[in-house]
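Shown here is one chain on its own, the form predicted on its own, set out as structure tokens.
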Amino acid sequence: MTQEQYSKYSFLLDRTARKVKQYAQQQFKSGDFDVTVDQWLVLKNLSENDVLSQTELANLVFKDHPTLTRIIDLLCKKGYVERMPHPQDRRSFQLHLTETGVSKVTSLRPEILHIREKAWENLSTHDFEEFKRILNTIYQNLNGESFDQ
């Protein structure tokens, strides 16, 4: 494959990823969800992991610490997330969803699933599996771990 072809594929991948995120952000705004896409990722990951340190959460949502701190501050202010002192490390906190946060995740999950399904319209299960295989290969080529879900 030529350098120009690689460049075109990289552009296509980047353009598509941006469009998916842009579409989701538009839907979040028009749906009056009271959270952004990035805030949703934090809520979703906390709902799936119960209690996490900020470092663990940062790794799951691919955010740097200052950015994640701002997101957590906003979610705490909204009453969705709570910081608890870490039992073994007084310098750090553990994060968990409040009851309000659990309710928010429960109510938004079906709507967000619907938003995500929009991108997969007109694609078969085979298309999805092949797409996942290719993305995992690219990711592994760059020394990342495979995502098998």
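If you're wondering where the values come from, they're calculated on a predicted model, not measured in any experiment. In case it trips you up, residue 1 is the first one in the sequence shown, and so on.
Omitted here: the form predicted in complex with a further copy of the same chain. The next part is about that form.
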{"query": "4.5 angstroms heavy atom contact with a further copy of the same chain in the model of the complex for L60", "finding": "yes"}
{"query": "L113, heavy atom within 4.5 angstroms of a further copy of the same chain in the model of the complex", "finding": "yes"}
{"query": "4.5 Å heavy atom contact, L123 and a further copy of the same chain in the model of the complex", "finding": "yes"}
{"query": "Non-hydrogen atom contact K118 with a further copy of the same chain in the model of the complex at 4.5 angstroms", "finding": "yes"}
{"query": "Single option in H86, K44, R70, H96 placed near a further copy of the same chain in the model of the complex, where near means a heavy atom within 4.5 Å", "finding": "K44"}
{"query": "Residues in 14-29 close to a further copy of the same chain in the model of the complex, defined by a heavy atom within 4.5 Å, in order", "finding": "D14, R15, T16, A17, R18, K19, V20, K21, Y23"}
